[in-house]
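Below you'll find only one chain, the form predicted on its own, shown as structure tokens.
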Amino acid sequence: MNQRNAPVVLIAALFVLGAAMPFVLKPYHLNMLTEIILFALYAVSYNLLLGYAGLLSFGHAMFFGMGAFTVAVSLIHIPGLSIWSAIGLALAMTTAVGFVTGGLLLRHKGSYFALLTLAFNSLFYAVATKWHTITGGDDGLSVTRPDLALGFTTVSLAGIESFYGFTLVIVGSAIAFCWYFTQTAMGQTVLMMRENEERMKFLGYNTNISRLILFTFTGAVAGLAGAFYTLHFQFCSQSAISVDMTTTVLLMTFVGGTGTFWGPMLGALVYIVLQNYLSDITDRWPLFMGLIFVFMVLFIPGGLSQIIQSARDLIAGRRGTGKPMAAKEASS
């Protein structure tokens, strides 16, 4: 198989494998897999910001929560709204928020940027908490998934099987598009900016605009994940926009590995599975998740993708370097 076509074959294989899951898994595990897919998109969007552009954000949940609340509020307050329109509104809202906040936040770099994203996230969280008449405040918002209109027929999304299929197609396509984005000139420009921004400026690139486009794009992708979060749980609360939600995606990304495109998806899978099984065993599951996070950062900075790459090198008879792979290498 041509090495260049390997990611395309992998994406197609994942879609085929995903399509077969309703015939294999029980509803409980299918429900968990749906959650994994939508959080995988959230983790991919965060990794584009952190792993590819080198921008550490503590406020990515403001996009996730904005998408979640936009779908919930629009479905409750606009009678007869289709699911396509609700998702479209979430994308439009998060794109606009990403553009405006990006214009303000990207004036700063490093720790200043990270702290400002945390401040903006706290601001959105406060609005979600205090604006009770719209967001439900501490009580949250309950919604019912509308039917899916396809033009020639209508599909009920009340069951987990049909909603899983809808999530697989839309969210899976969004993840595939994110991978394609990393292969474009824009995606490669972001990588080169991370390595040497001054050289990119010298070559005539407007790095500020490139960074703003990436920030807005990742915000819209996180908003799409948030929209499916509400549709999946049929509930949206302030936890969707809390700093904890940013911590969650940060943990997923680090556990999977920031140096690869696929690593955060693996991290989302491990996180959701561990969370489900550990929470059944003990109420102190966040403690164990925290210990895993500390261990990964201290001893395996490249995450699970580094372990996989080292194993592949070992099998191939080559010793790994022990260093995390560069995102550019992994995305190719």
Partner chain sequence: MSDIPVFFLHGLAYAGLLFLVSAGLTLVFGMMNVLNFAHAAMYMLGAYFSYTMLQATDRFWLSLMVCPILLFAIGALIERFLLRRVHVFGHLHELLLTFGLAYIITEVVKWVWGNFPLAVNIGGLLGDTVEIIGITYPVYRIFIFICAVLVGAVMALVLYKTRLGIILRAAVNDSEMVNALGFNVPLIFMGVFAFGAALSGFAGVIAGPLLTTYPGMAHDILIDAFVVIVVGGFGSLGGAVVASFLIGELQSFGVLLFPKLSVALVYLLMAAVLIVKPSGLFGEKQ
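Keep in mind it's a predicted model, so treat the numbers as computed, not measured. Numbering follows the first chain given and starts at 1.
We do not show the form predicted together with the partner chain, though everything after this point is about it.
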Q) Check 33, 234 and 281: does every one of them have a heavy atom within 4.5 Å of the partner chain in the predicted complex? A) no
Q) residue 254: heavy atom within 4.5 Å of the partner chain in the predicted complex? A) yes
Q) Would residue 286 show up as a contact with the partner chain in the predicted complex if we use heavy atoms at 4.5 Å? A) yes
Q) So, in the predicted complex, is residue 74 in contact with the partner chain at a 4.5 angstroms heavy atom limit? A) no
Q: Although the partner chain is absent from this view, report whether residue 111 comes within 4.5 Å of it in the predicted complex, heavy atoms only.
A: yes
Q | Contacting member of 38, 50, 66, 269, with respect to the partner chain in the predicted complex [4.5 Å, heavy atom] | A | 50
Q) Of 83, 96, 191, 116, which residue is found within 4.5 angstroms of the partner chain in the predicted complex when only non-hydrogen atoms are counted? A) 116
Q: Tell me the stretch among 66-74, 287-295, 22-30, 260-268 that has any heavy atom within 4.5 angstroms of the partner chain in the predicted complex.
A: 287-295
(Q) For a quick check, can you give me the residues of 48-87 that have a heavy atom within 4.5 Å of the partner chain in the predicted complex? (A) 50, 56, 58
